[in-house]
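Let us start with two forms of the same protein chain, each given on its own as structure tokens and named structure 1 and structure 2.
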Structure 1
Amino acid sequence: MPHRIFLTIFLTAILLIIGCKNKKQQAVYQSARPVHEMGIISTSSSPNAKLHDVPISAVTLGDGFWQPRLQANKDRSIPELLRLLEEHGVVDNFRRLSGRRNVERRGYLFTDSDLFKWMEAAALVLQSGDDPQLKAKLDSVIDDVLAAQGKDGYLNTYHQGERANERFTKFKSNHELYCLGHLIQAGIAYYCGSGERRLLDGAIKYADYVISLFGPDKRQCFPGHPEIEMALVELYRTTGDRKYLDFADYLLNHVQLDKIEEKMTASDFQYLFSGLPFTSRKELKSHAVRAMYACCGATDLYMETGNPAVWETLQTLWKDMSQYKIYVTGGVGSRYQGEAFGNKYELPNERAYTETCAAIGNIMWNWRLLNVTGDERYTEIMERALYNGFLSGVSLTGDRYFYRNPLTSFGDNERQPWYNCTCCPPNVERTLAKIPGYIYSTSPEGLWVHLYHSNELNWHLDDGQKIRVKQVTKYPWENKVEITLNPKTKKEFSLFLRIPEWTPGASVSLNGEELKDKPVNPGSYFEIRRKWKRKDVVVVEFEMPVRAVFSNPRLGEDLGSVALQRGPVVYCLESPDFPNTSVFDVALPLDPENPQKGFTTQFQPDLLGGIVVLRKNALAYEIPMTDQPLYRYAPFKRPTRSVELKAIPYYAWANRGVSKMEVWVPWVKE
């Protein structure tokens, strides 16, 4: 009997402890923002964010450029990738730990992150609307993932079971914290999309276990592959628990390198873009994806802490990228060796690495910088990467992918349905699912429009005033955007319209009257401040000529060549459009005083999903250059044979089979 009494008291105490813990955690959740109001990153309470997020669920895309891509992402990309993840044992890696499958572990040590990114993509799609079938698949995967979690919270299929003694022994290469970061992001996305906390709670359990082991006064660690930093800041925003923000700050700025147990070199820390204090960084000369993710985490940290040294470093690194190390497509990371940034002006075309994940990281970073400042130059790079260097990474059918995205191809590049290193496909899928969340922001001043696409917004201003907005446009193929505002009541606020840097000029009208009281400057946001009423209509029209883009003379490989751009879309020449001429023998006659002269445009709805094609009279060499000597003692003759130049959007190349392609086209004086 005494034993029974003791057991009863003991169990009661345990239940009370658990109850208190649950109440404490519930209080933390209640202190954070309502789940249905959280955007891609939740900046509404960030003290150093000028702009505040609008959730994916508040924006319904209409017909237009992105809608069929998001539909293909939902209907084709996400189900097909799950099938391939199953086929290659990535999900079974979790089932083997729970005893649900008796199989060997398969794949690289970081394959967990590929599944976590797929889970995040599926959860983000659910934020755009109910899909019971997709949710059922996601719930099944979540069950398999959480069943593999250790009692202590650890969850990494490579370092559980027979490799448990290798946990946290090789931060340089083991990717444990990287995988945890993606688990956290998947948990937050699922929580926002469904209101269910179980995946997020599993991620929190693992994060708490890591924080119990490492930190300023404990064992030292570093990510090896940055990613967890931005996930931790977002976890802080989601839960309100400061320890996650503090641990992100520790990882970015306060790792005690002299106490790192693993043998490391200075070049290791440079390449990995972690370990060294972020504020010590002066240039991007590292693995490109790691650098972009670290910059994302540091920008998130700045939004919450306002550390001026972090902001100064971010500005230094952004200048290094935007002025010296970014491709005209918005792609970054020029070197095959190390998938890395190179030196200033080191931007080869055929050997460009420009990993799809790096373009995605560039989008993510500039989105965060835009949230801090409201500065159009960040939107400019984000849009450039979205329409070009990122979108080229996936086929029009949505089931084949580029890992790297060169700007010249001699016919040896083809999208693949699967890579053993599967980082890019699920990254593409989660990025496409985020598109509605990139279109708008709010601020205390009013509503901001960053991207143009037909859609309906049902949201509220920062002061709670409800507002509906309808945007109608065929952008980027056409230059007109019509925006109808319907505030619930008459309300004074500002509407900020993005005027892209690429346009030579633009006009804005309100209810049929052109606004001429102040200039509409490219590369800025145009502010309309007034008392708005229902059915107020704003129309923006951009000049959208074909523009020849000239490179800095320091870019030796592009000297004497131009890239073609119309709106945000960069173009290329592709061999199917030149049946009798090599794309590498074509030269473009241009008037240096008016380089946009002579181009014609035509929308072809049945070509490559519907595109605007550029045409112009061009020249080709009478004797193909491949039949001419490598060197000679006199200048090569000017091309004289007349051909028609036909250019297609860069993102659409390699969708008609293996082909030759060129972005930078030699030009001659007209």
Structure 2
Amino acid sequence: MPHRIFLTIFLTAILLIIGCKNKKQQAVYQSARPVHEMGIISTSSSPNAKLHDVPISAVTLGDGFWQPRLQANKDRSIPELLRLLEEHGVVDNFRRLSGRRNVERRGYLFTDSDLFKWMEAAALVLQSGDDPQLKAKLDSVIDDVLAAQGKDGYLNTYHQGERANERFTKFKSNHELYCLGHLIQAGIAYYCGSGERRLLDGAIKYADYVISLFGPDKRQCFPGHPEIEMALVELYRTTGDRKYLDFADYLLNHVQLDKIEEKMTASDFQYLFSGLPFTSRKELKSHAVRAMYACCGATDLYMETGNPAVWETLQTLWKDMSQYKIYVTGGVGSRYQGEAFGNKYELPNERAYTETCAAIGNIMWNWRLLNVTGDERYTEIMERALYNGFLSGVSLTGDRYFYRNPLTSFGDNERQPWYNCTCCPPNVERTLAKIPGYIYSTSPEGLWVHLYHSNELNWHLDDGQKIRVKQVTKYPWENKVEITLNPKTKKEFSLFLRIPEWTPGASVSLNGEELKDKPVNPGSYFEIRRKWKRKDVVVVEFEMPVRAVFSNPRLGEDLGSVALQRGPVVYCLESPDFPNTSVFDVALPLDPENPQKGFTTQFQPDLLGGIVVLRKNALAYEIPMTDQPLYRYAPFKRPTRSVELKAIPYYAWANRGVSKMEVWVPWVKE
């Protein structure tokens, strides 16, 4: 009977759809947070996290500063990088193992991690909204990756096949745990972005294999490049399985060095920021990215365990960085040799190494510290790095990168589409994709606003109360932010507004009336506690003058110079803006009593993607300084020729061809 046939077909179709759906919406991991609740690091259940992050999917970015960057990331950076990863054989390295391609393995031994970071970036983009085309590409890559996985769970294209006997023999250099860390993070991001478990299950299988071999009473291992520590804590938060947290704790604090099988020196462990107990560290003196990633992992560990010794170490290291070893751009890791942190005050400008990945590590670490404390000084560094030392790492077009981010260039720095060690590009991509998730947090007290950008938040407070928030602003170019709150029901809670340290002062008004009962202190969160109702409007206005940044006299490199900053954006002089003068022959006349005097600002929509340009009357040396002697027995003469100083945001440099550039400008008394 046609009806029964039709019914059978109909029911079969339904079952198939449900089956597909089930395949997609696999069960959540036991005792873990639901997938749609997961933030960038998912701190909502962390006992020592004061703040709880908000899912990327809960925030819809509006027009403004970051929107075109995220669009370029999605439309150009991510597809183009996959093309380049394919071109350089990085995906084929997997296909080779599954027999899908008959090719030689190519690239450094850690290329898997480059692909995993790309996968994480793509998965994070999916968290901001469906993109079937990107999803299909990502799924195809996931197929290729998982097809290469060994039956035991092992998955590392360099150490499978002909080098299988070298597996887990050289932790110092083999990057196996580092690659696994990135696989875990890609798996979590994909799980969170698609609801699908398979990539994460593959990562778990590999992680379980590692944990079955190594640990306190087993063979000893250590990460030659920290990264896996934070991934393991994130895996614990995702799955609820404590063994991952315990293994992170083991790697950070309990590796038995006397039982390590390979030949290692104390300075090796110092440099790797690994092996030695994290709590024995007193300063940041090592490979910068390794140090930042280890600090991320340790902060994650602290959020779950509350170990006070870990916290004390984190504080010591953060002070070492923030007081002695960070550039005004938020970049860290000044030293070429070993891509390392230098000594205190070792912050050369032209010779700054400041790898893009180190700035990213710095952002990730400060985000974690902010989650622990709610302390504005961490947001400050995060924002400084985001707008400057991180963002300088990628071109406005999204397809050219800087590996290092110097603060002075003599014209020998050119952005590249590809680096053989291509760690930075996918790291940039995943960081851009995370930005919506960095704007807000919740806490039992209420809602926190860390970053300002037009967006709509559709989320809930810690107690489950639904809330929508709308931010409208042209920050960082303009100084006004309008925030409309729409709690589902009238409700008492606090709104914490970040008042950046860079502003001399700010005012906050509520529904048109300025709040004057307590001071609005720069460098803090301003709390408004009340019963909020729908359409309550808060307006924050920051004083946003051009600020001359002076360096500690101990930082000899910058003594006698200033950096220019407006809002969170650090500026530079770039040669295309100085047609008749070397940028290095310009000096800035300043009144030290009032150094912000005399600047003009103008938004130029057609320049470098739309930027505020700074201008001031300045002076140039008559004789180019390069024609003058290196040393004299008298002060060098004051510059006398009038020039207009024009400064552009540091992040936007090197987008008009190869150029000369400087951030720190010598100043003379006005």
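Rigid core here is just the name for the largest C-alpha set that superposes within 1.5 Å across the two forms. Keep in mind that this is a model prediction, so the values were computed, not measured. Start at 1 and count along the sequence of structure 1; that gives the residue numbers used here.
Looking at both structures, it is structure 1 that matches the form predicted on its own. Superposition of the core reveals a Cα shift of less than 2 Å for residue 47 between the two structures. Once both forms are fitted on their rigid core, the CA atom of residue 605 lies less than 2 Å apart between the two structures.
When the core is overlaid, the C-alpha of residue 634 ends up 3.0 Å from its other position between the two structures.
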